[in-house]
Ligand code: ADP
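Only one chain is shown below, in structure tokens, and it's the form predicted on its own.
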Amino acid sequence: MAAVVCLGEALIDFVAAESGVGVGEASGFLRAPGGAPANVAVGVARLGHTSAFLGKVGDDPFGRFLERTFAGAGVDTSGMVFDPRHRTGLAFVSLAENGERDFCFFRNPSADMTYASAELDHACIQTGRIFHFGSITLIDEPARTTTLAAVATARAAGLLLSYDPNLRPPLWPSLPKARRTILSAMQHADVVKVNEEELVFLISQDGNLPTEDVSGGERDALAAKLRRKFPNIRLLAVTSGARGSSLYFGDGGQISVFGLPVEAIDTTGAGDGFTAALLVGLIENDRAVADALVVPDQNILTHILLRANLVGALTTTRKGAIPALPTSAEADAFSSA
């Protein structure tokens, strides 16, 4: 039994050895296990709570490496599927000087795209408390149908549903399709985490990616618009990189915190670390899971946001996603420093 059940893609990130160069110019790459829902599962385990990962990888050295990595971190991997016909997905990641990323994906198709409903471990979902999913497995069939079947199982079993759009434009056939599909899944979620760029993209009229940061007032207005469009969202988290993060809840409730002063080396997985800590915070405060999302307790939610903000910031201080996710002890040490 896992408190948080995560479903989605798992892949290998090959992170450029140096910053400030493109994928084609990098002198070498650091192999790092990744995939946003898998990162969240590991992040939850590192923070001291039970988690499971459901997904499909290739029955190849990379897929087996991912399974060993997740299991070694304490994640239940019994629901993982190994495909003898399709390979594990790969992503080559280049880093700007400030740690921001650019991706080049190899998946044509990768095993996660072929994840079929018959391969889904419904029992694992039914015994959880929170079900977390993303949008990558909504791009192609049969993974899309499988993801929605898992969402239906989680809803029927009374789990809290958590959704992270995790927009990756190179993986979608077009930005309009990405916007439509990502928004269509919002109707299923109780908790949604987006970064500021995703929020602008999803709510703006032109449906284009933003080229500049938005002001706090603009962000608040966009968040309010998203929640009006999807009243089922009980908790909306918006991350703004080094500038901090915000929670929107209840009838117009809002909490914002500033970013933490860390030396960002690689932002890969920062949002996933944030999400893991957010979900752990809900688990550790039974009131929050049971009723604080209906009748929010601002003190509880402030504590949860501060912790999530801290874990997200710490994740940027090392290369890769899973290798950088902090343990609870590491987060405690940074908090008390």
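Because the structure is predicted, anything quoted here is derived from the model rather than measured. Position 1 is the first residue in the sequence shown; the rest follow in order.
Just so you know, the form predicted in complex with ligand ADP exists too; it's not on screen, but the next bit is about it.
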**Prompt:** Which of 44 to 52, 276 to 284, 22 to 30, 304 to 312 has heavy atoms within 4.5 Å of ligand ADP in the predicted bound form?
**Reply:** 304 to 312
**Request:** With ligand ADP left out of view, choose which of 153, 240, 146, 114 has a non-hydrogen atom within 4.5 angstroms of it in the predicted bound form.
**Result:** 240
**Request:** State the residue from 162, 245, 88, 135 whose non-hydrogen atoms include one within 4.5 Å of ligand ADP in the predicted bound form.
**Result:** 245
**Prompt:** Honest question, do 193, 260 and 270 all end up within 4.5 Å of ligand ADP in the predicted bound form by heavy atom distance?
**Reply:** yes
**Message:** Check residue 264 for me: does it contact ligand ADP in the predicted bound form (non-hydrogen atoms, 4.5 angstroms)?
**Reply:** yes
**Request:** Would you give me the residues of 316 to 336 that have any heavy atom within 4.5 Å of ligand ADP in the predicted bound form, in order from first to last?
**Result:** 316
